[in-house]
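Laid out below as structure tokens are two forms of one and the same protein chain, each shown alone and named structure 1 and structure 2.
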Structure 1
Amino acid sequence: MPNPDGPNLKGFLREIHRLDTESRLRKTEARLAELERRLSEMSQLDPLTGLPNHRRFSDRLSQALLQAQRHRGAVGVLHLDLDRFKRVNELLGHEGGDEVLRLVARRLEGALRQGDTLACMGGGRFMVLLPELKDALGAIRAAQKLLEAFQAPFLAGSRELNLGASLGACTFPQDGLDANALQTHAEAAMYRAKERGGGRIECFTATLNQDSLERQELEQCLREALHNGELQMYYQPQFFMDGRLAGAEALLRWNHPLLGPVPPVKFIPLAEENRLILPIGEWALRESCRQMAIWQATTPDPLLLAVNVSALQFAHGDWDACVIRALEDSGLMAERLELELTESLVMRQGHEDVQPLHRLREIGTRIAIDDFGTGYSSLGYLQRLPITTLKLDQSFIAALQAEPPEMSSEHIVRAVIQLAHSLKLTVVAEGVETEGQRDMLEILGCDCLQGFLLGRPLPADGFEALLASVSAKRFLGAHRNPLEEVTVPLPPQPAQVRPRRR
């Protein structure tokens, strides 16, 4: 009988152990290879929509260009951006916005040919690759089908949303010979579509290429503007109806040493798109609080400082902490600061999203709804949120004396003022430009006015001169001897509001 501990048995056991180890190693290697394959696959997909991302799109575009070069064919590239998608996020919150993006992705896929590539670039942007086109008209026809996909509303939860899109189109070889050039040119065409109102298709031209370069240069200049001290705060005065100065709205201005004054309508959207609004917005808040604290220390009457808050700032996790730090560092009382948010912004879903408003209101900061009346939401939020002020949108003020009379906004303005007063809210009318508008707002019971009739935005030294003028007039009114003629030189000032008629 063989010895169970003999060398043959031991060798047999060693061989079994070796084979088992090799088998496990092969299985492990196979699992690792599969995991690497899946990770590589995932790295080229957008996790939200499951569509190809920018990396996979660029790879497929490069392959399509090689094929087109061999066969002398054409390739189309489309850049699609949802119009005003920021408002969707403000209305539904980020989870609701994500659901809308998934719905859009499925609908766009259904409008394309088999073999076309739809890629998600994030933030409401999509790229489309159209290989094996016969001519440039094929890209236009495909873009038109995508635009038609937005004719029916999108159902997100219980809400029906009417969305639109801007599309830019370009083709190989007419508009570019490599992947980077084609993507850049399609994007430039898309921006032109947005500038012309959105909901349309624009094709690339040489002029658009120049516009794209200028946009890139402007963005680079804006990145340096804060560091170079090119940004400045202006202050537009607000008045009570009896002519007393109520305060000012702080407005950001950019004066480039070579470009000159850059309009806010041009650089503010660019700052929001590239998240530069976060450092710029914090600087604007701190600077305006610092300046108002200085003025408040020398002015007997309390003044209110209104500062705009962008949607990106609102969505940032610690924006309320930034406000508190600005107040503490400047010494400005919280009661003297009013934060202006757009109507659609405050309609963000979710209890947690609006907690910063409640925390800031608890310390005394005022909360204003800017552009009131232009939103598309229930008025229930006026009671739910800690709002103190409604700012009537200037479009309603401009239409107060419209002809024919049935086109007048008088009834809307009256209703808003009555609603606000019933909720103990202050009403500020923006964009007051004529005496007739001022008179009607007085009759309707408006609380405060702001507009070119009363005063244009002023740099800090200009607003300081206005304060000195107001103080001097108050002093003269209290001490003037009717038997004496007193002449005091006063600095320049805007047109004054007439006292309320008794």
Structure 2
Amino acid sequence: MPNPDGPNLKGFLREIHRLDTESRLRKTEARLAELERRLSEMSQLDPLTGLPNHRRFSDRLSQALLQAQRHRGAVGVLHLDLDRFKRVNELLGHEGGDEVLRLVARRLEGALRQGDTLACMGGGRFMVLLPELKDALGAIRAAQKLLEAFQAPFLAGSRELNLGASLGACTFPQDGLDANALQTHAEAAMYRAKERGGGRIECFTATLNQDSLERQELEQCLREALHNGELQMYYQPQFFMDGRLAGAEALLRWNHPLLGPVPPVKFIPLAEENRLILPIGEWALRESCRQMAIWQATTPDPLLLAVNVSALQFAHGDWDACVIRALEDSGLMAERLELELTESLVMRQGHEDVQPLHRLREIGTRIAIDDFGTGYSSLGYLQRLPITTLKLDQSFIAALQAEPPEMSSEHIVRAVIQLAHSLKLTVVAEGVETEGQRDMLEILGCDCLQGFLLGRPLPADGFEALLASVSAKRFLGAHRNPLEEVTVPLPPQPAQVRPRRR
């Protein structure tokens, strides 16, 4: 008698076998899918740091741009390149260099917000995607935070390393509309930061996009500019907190007969590349000393003239002699001249090369650190070098009243002012544009202000009119009430507000 369970059992066993095979197949499929996912993930990750690589960065950037187009938002792209990373590799070997890159990656990650993408491009380069920006300023703030992340040294093995980075920033939609353009523009801005000595942030400007042909033409024009008298000095007033005029920063202007005004951010880096900054810088120094000596002769209050010095001038053997000659020939007192140097410029010099600084300080010349806070982290030079003034970078002033409060630079500005005062240094705030910023700087104890709120750079005759009105006010004041404080009436200009009287 056939077993009634026979076919059933067989069928049951077959079913089990089928199910088993299916389940194994499914499992295998799941494993394969997982493997595929991981492989695909790995192909989008930098193996050294575990961060997204270039491919994933581009994907995310494209997605972020689609979102931003829909919601009319802004997107930021940063390009960060470690300064002198080749030297780290030489010093520590490639393994040591890799270890440093991992440390840098972790620190940069810690400086970013959730939702931002940090990607590693290899060779000491990183890119950052800031997908939900309120405005272009947000990109600068994020870049600032990344730069601050280099303030503390890195511990690689038993060595302490001080590293720096150059950052380029750009934003959608103002600096580019697609992923490619934005990445190229952030990189171009980063190169500009390198050209300007590294350890700083540069934002993309359309001028960076010029092709080399235009650069060559511009270079040729610049060669002729000095001889053709196309260069001019402008003077931007600086004020004490109580409203008294402190002096002026001399700023170069180039007005080409056909091209029109060429902005300094365009022609000064060019002049630095082809060494034309040497004759141009010397002319700027001599011309502004000559002018200030004339003004000083007719102005009762002492005025300070701040002159920018480029890295190339500084590195040039006889630059202190050149400054002394400009003072002697103009008759301007050394105490009335302040030379503005950038942090990275000062830090790049060996000990022997800073002797001219000491010599100039000995005769009374003041030495300012320009764009303070955007350069190097180790601040030991403030004690080592004869610095008299810190010029707080504009980016800190712009972020003073940023929202949310944790994005505000208030605590940094307060710390810088306290540090400066403890070292008996004067603090000048640059780029003061609003009453709110001015009020806050007053509360924080800043010494001097410079910015569009108080006065834009003026040609010599404009500055002269400003001086005349200061003197007139003084004279009238003397007849009315000798104790009344003098405030500075400024010539009419758009969006101009008088400095406040205490």
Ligand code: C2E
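Since we're looking at a predicted model, the values are computed, not measured. So that the term is clear: the rigid core is the largest set of C-alpha atoms that superpose within 1.5 Å between two forms. Numbers follow structure 1, counted from its first residue as 1.
Where the criterion is the form predicted together with this ligand, structure 2 meets it and its counterpart does not.
With the core held fixed between structure 1 and structure 2, Q238 has its Cα displaced by under 2 Å. Once both forms are fitted on their rigid core, the CA atom of E282 lies less than 2 Å apart between structure 1 and structure 2. Fitting the two forms on the rigid core leaves the C-alpha of E410 displaced by under 2 angstroms between structure 1 and structure 2. On core superposition, H54 has its C-alpha offset by 31.6 angstrom between structure 1 and structure 2.
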